[in-house]
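Encoded as structure tokens, the following chain is the form predicted alone, with no partner shown.
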């Protein structure tokens, strides 16, 4: 008789991270305890410490996983043979869709890290700056081809571009009602027009 195939072993580390997203989004990072994460994940308290040395390490991991994906996407988009405006629209769309598909995770990243005046924001500033740097490279390319004017530095334009996106996401995070697909799609155009319109002026 053939042996039955074994059921896949649950990835406890992933289960803990997914549970942490829910807890951080619901309670806020400072208000929750490691025990809250363990309860949400349905695992023993000590197992969280088996994978992560602290609650801070859990948040660090959640941020870096998603942020690295975004930085990589920006770099890949910049390699495409597209106008700079279209590259920025793609990036805005990627971040927009990231919120659409996982609003809790994006809430945690924005509220607890990138907008937080705490040690997380300072610790991850080099990572945040890498994203700005890649956006600035896209803007600089548009300036070289004459698509954008040079009155604003690429670094400032990149910071403004991401700042607009972050502000839009912050409004969605604290919105009282659901966000419709039409608003998500329209936001991509408005974000790009807000920044690129000024660069084209």
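Values in this document were obtained by computation on a predicted structure and should not be read as measured data. Positions refer to the first chain, counted from 1.
Although not depicted, the form predicted in complex with another copy of the chain is the subject of the following passage.
Participant: Quick one: which of 52-60, 66-74, 36-44, 141-149 gets within 4.5 Å of another copy of the chain in the model of the complex, going by heavy atoms?
Facilitator: Heavy-atom contact with the partner occurs in 141-149.
Participant: Closest heavy atom of residue 101 to another copy of the chain in the model of the complex, within 4.5 Å or not?
Facilitator: Taking the distances in the model of the complex, the answer for residue 101 is no, it never comes within 4.5 Å of another copy of the chain.
Participant: Look up in the model of the complex whether residue 88 has a non-hydrogen atom within 4.5 angstroms of another copy of the chain, and give yes or no.
Facilitator: Residue-level check for residue 88: yes, a contact with another copy of the chain.
Participant: Just to confirm, residue 130 within 4.5 Å of another copy of the chain in the model of the complex by heavy atoms?
Facilitator: Taking the distances in the model of the complex, the answer for residue 130 is no, it never comes within 4.5 Å of another copy of the chain.
Participant: Given that the partner is absent here, does residue 191 sit within 4.5 Å of another copy of the chain in the model of the complex, heavy atoms only?
Facilitator: Yes - in the model of the complex, heavy atoms of residue 191 and another copy of the chain come within 4.5 Å of each other.
Participant: Give, in sequence order, every residue of 91-111 that has a heavy atom within 4.5 Å of another copy of the chain in the model of the complex, or say none if there are no such residues.
Facilitator: The stretch 91-111, when checked against another copy of the chain in the model of the complex, contributes 107, 111 at the 4.5 Å heavy-atom cut-off.
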